[in-house]
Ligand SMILES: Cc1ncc(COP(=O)(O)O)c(C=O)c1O
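Heads up, the chain below is alone and in the form predicted on its own; it's given as C-alpha cells.
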C-alpha cells in the first residue's frame, strides 16, 4: 500500500480519540547545515523543543494532548504525576494543566537534591505555575525506593481529594502509557507529511532520539509499524534502563496500536537500544554529552538539555565520527526538549559546557 494511503488511514484511526490542543504543530523540520558539512552527511533536526505552549516545550506536550484529553473526558479536577525534581514531564504537565483548567499535583524525587535557596530550572517553572509540589528525599541514592514512597504519598493525597468530592487523573512518570504514546504515533504522521512536502527529501536512513521512561519510544515504534517506515530508529538510553525495559516498551507500543484498533504485536528483539552514552548515570553529564551540547550550540545555535538530548546527540556524533553512520546518509535527530535543564543545579549541567 502507498505511504500516502497509509497516512490517510492512520488519521482516520484518531477520529474518536479525545485530545486537548496544547502545542504548536507541526514543529519545524530543518537541515543542520554546518553539522552536515562537517560530517559529510545529511543531518536534519525535528524541533520538538518548540512544541509549546510556553517557550519551554518538549516531547511531553504531544503526550499530554491525549492524556489530558482523557482526563477532561472523564471529568477530573486534578492531575497527579511523578518525576525527578528537574523533570521535564512534570514541568510540562504543570503548564498544560493551566491551559485546560486542571490542577497539577507533582510528586518529585530529589535524585539531585535542590538547593536551599530559590528553586532552579524546571522546579522554578513548577512553582510559577502554582503546581502543588511534593519532594521526596533520596538520601540513600535509591531513586526507586524514593519513588515508591512518592507513589504511596500520592495515593493518600488522591484519597483525601476524593473524600472532598474531587477526582484525580493519574499519569505515570514521563507520561509513559498507551494513551500518552499516541502522541508520538501522531508525531510520526506529522513527520511523514513534512518529508512529503520537503523538496528532494525522500526520507531518512536513521532517526536518533533520547529515551528514558520509554513512552516516546513506544509511540515511535507504534507509528513506524502503522506507517510501514523502514528507517533505523536509534533510541539512546540516558541512565534509567532497567531489566525488562525493551519488553515493556514493546508491550506499550502494542497497547498504543490497540487503542487505534490495530492488532499488531511488536517484539523486543525488533529494535535496539544504544546504551553506551549514559555517562555516570541519570541527571549526570558525561564528557561526551557536554561536548555534543557545546558542538551543536556553536555550530547551529541550538541548545539541547544535559539530561536527555545531549546524550542522544553525543551518540549521533560518535556514530558519524566512527563511520557507523555512512557518508551521505540521511539522519534525523529528534530534539525532544530539555534546554531548561541548563538552568538547574550545577551537578546536572556540569562544568565542561562553560569551559
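Keep in mind it's a predicted model, so treat the numbers as computed, not measured. Numbering follows the first chain given and starts at 1.
There is also a form predicted in complex with this ligand; it is not shown, and the following applies to it.
The listed set 210, 96, 222, 171 contains one residue whose heavy atoms approach this ligand in the model of the complex to within 4.5 Å, identified as 210. Picking from 56-64, 32-40, 291-299, 315-323 the stretch near this ligand in the model of the complex, with a 4.5 Å limit on heavy atoms, gives 56-64. Contact check for residue 81: no non-hydrogen atom falls within 4.5 Å of this ligand in the model of the complex. The closest non-hydrogen atom of residue 88 lies within 4.5 Å of this ligand in the model of the complex. A residue is said to contact a partner when one of its heavy atoms sits within 4.5 Å of a partner heavy atom; residue 214 meets this definition for this ligand in the model of the complex. Contacts to this ligand in the model of the complex (heavy atom within 4.5 Å) from stretch 319-343: 336, 337, 338, 341.
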